[in-house]
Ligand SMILES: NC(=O)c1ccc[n+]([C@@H]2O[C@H](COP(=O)([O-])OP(=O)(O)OC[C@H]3O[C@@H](n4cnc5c(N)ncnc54)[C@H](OP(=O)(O)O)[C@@H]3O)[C@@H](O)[C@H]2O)c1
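Let's start with one chain on its own, the form predicted on its own, as structure tokens.
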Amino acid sequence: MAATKEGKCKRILVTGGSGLVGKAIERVVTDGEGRPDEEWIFVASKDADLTNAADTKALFEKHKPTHVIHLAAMVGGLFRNMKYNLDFWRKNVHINDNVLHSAYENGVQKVVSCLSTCIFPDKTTYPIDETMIHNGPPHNSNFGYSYAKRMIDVQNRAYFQQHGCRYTAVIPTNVFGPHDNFNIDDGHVLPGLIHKVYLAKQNGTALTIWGTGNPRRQFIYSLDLARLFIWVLREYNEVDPIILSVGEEDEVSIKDAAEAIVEAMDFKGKLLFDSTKSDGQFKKTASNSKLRKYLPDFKFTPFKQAVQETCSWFNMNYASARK
């Protein structure tokens, strides 16, 4: 895939290419969204240690990309973040600085980096929009990761101001889909629930969900996010970031999400909510009005259908899925 072909003019390097979003982009590109003038190169942590400047430089010199989608990051669930805030800060700052600086040194025309809604201020008004990123400290549980991700926005603006570089970032809400991390303790809420339902079904036990089930989230299917990422790479020319999310009206409670999974997995057991466990943030409602200004007609996959497809993938790939 790395060899230059005649007449190719865009070489798009995707860091973190083996993760949830990277795999989704690869699938969407392979399924016909790719263009003849684009060559896509997906790299994973085995290809280069992006915390190492020399390794990152060598990767860029090898592939000579014209465009970059930067997904690579040190990520983890709530508990791991709380324990290792310093590690999350240092590793992500190194990764981001190395990728952006190598892109600059190699004359990359455009970089699209991936942020997260957890970077927004803890104390805020809703819905959250793109102008509010730096309005106050993030939630204390994952401040290391959040500040490291915020720095991408700072760096993008600085590269633009000093060198005229068109680097930008997207902010997806809760992403889920095939190739997710289905670890119950360390993954995100939806894949964790899918794995829990699978095990409860296997073992003939009740399904216990931590918390009341009342918190609300906006979930975006990884394949929808992949299509939007490709649009941002080709068409979106602002340096300021853009939120990629379903609308506020499509917010789903954890209880509704659990019930959609139960239905998709054909689970007949009991559903219990353990309200002694923390609910976390009640909501993080984000506005997608900026996205809708650009793409008023974009169709998101209905939530239940996306859950059904993800559950089917997990059932079929249980042995090899990240757990």
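This one's a predicted model, so the numbers in the text were calculated from it and none came from an experiment. Residue indices: 1-based, along the sequence shown.
Same protein, other form: the form predicted together with this ligand, not shown, and the subject of what follows.
Quiz prompt | Option touching this ligand, based on a heavy atom within 4.5 Å in the predicted complex, out of Ala286, Ile261, Leu50, Val68 | solution = Checked against the cut-off, the match is Leu50.
Practice problem: Using heavy atoms only and a 4.5 Å cut-off, determine which of Asn156, Asn85, Thr173, Ser102 is in contact with this ligand in the predicted complex. | Solution: Checking each option against this ligand in the predicted complex, the one that comes within 4.5 Å is Thr173.
Quiz prompt | Location of this ligand contact in the predicted complex, chosen stretch of 174-182, 120-128, 197-205, 103-111 [non-hydrogen atom, 4.5 Å] | solution = One stretch meets the cut-off, namely 174-182.
Self-check item: Ser18, heavy atom within 4.5 angstroms of this ligand in the predicted complex
Solution: Yes, Ser18 is a contact residue.
Exercise. Mark His188 yes when one of its heavy atoms lies within 4.5 Å of a heavy atom of this ligand in the predicted complex, and no otherwise.
Key: Yes, contact at 4.5 Å.
Practice problem: Give a yes/no on whether Val75 approaches this ligand to within 4.5 Å in the predicted complex, heavy atoms considered. | Solution: Yes, contact at 4.5 Å.
Quiz prompt | Contact of Arg35 with this ligand in the predicted complex (heavy atom, 4.5 Å) | solution = So Arg35 does not count as contacting this ligand.
Quiz item: With the partner left out here, if you bring back this ligand in the predicted complex, are Ser45, Ser116 and Tyr145 all within 4.5 Å of it by some heavy atom?
Solution: Spot residues vs this ligand: full contact, yes.
Quiz prompt | Contact set, 82-109 vs this ligand in the predicted complex - heavy atom within 4.5 angstroms | solution = Contacts from 82-109: just Ile95.
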